[in-house]
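So this first bit is one chain, no partners, the form predicted alone, shown in structure tokens.
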């Protein structure tokens, strides 16, 4: 395996098993959040895929994410790519399947994958220069996000592996009800009931079901040479396209809190979505997120159905 750059002291981990293997800042924090078993497997997995795919591996991108180790790599022919070793977790189970289906249309291309116990390694197109969309003003972000989503929304083929959005919503609603039980509720019981009932019911009432990214926001869109902007890190499900506007809206915190109805109207217009239905989704999602993010309870009250 190619020699890795020694890890800077501030990235030192609690275990010497990593040796000189460099861990991004956010993964050092993940160690403390109970992901130790996955993290200790990383050096071996990176070593295996580097050998299998004949890669020279660079230092990982900083500060990185909390569930994946991602670094630039180079093939012997000089081709620049990215290797991503992701911890398996339910929302991201079919990232590779989604990227294969999109074939580079609005998203990064996938070159190869390899499965490991508890992890998946992906060899991906590298976005150059790789500037994050979030460095642009938010109104410009709106237009890029909308343009990408409309390209990504496609009908999945027969026999596809993707789970329905209903599954994710039911799981998140169950988790909310577990969390809110012993705690002081962030909202009154009637609003909680209405929001969680909507969160469970909306997927079933969709007029159209398409392949969704579910986690497309300005931090998951990078500038590239092949196209101006490409989506990365999708978490594909099949369901209501209206849901897919939410993650970007939740990331636009100032506008969301100042005037959530205006933000919903803008995204509905850009995405050719039903404005009222997007408001229902926004209300339900803000209720569902309100235990972990109490400020979203304020937004839920602002957009609650009358």
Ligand SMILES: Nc1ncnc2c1ncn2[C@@H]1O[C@H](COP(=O)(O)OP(=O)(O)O)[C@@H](O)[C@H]1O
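Bear in mind the structure is a predicted one, so any value in this text is a computation, not a measurement. Numbering follows the first chain given and starts at 1.
There is another form of the same protein, the form predicted in complex with this ligand; it is not shown, and what comes next is about it.
A residue is said to contact a partner when one of its heavy atoms sits within 4.5 Å of a partner heavy atom; residue 238 fails this definition for this ligand in the model of the complex, lying far away. Looking at residue 65, you'd find a heavy atom of it within 4.5 angstroms of this ligand in the model of the complex. In the model of the complex, this ligand lies within 4.5 Å of some heavy atom of residue 70.
Under a 4.5 angstroms non-hydrogen atom cutoff, this ligand in the model of the complex has residue 132 among its neighbouring residues. The partner is absent here; in the model of the complex, the one residue of 110, 165, 82, 101 having a heavy atom within 4.5 Å of this ligand is 82. Proximity to this ligand in the model of the complex, defined as a heavy atom within 4.5 Å, holds among 202, 146, 127, 187 only for 127.
Residues with any non-hydrogen atom within 4.5 angstroms of this ligand in the model of the complex fall in just one of 230 to 238, 203 to 211, 135 to 143, 152 to 160: 230 to 238.
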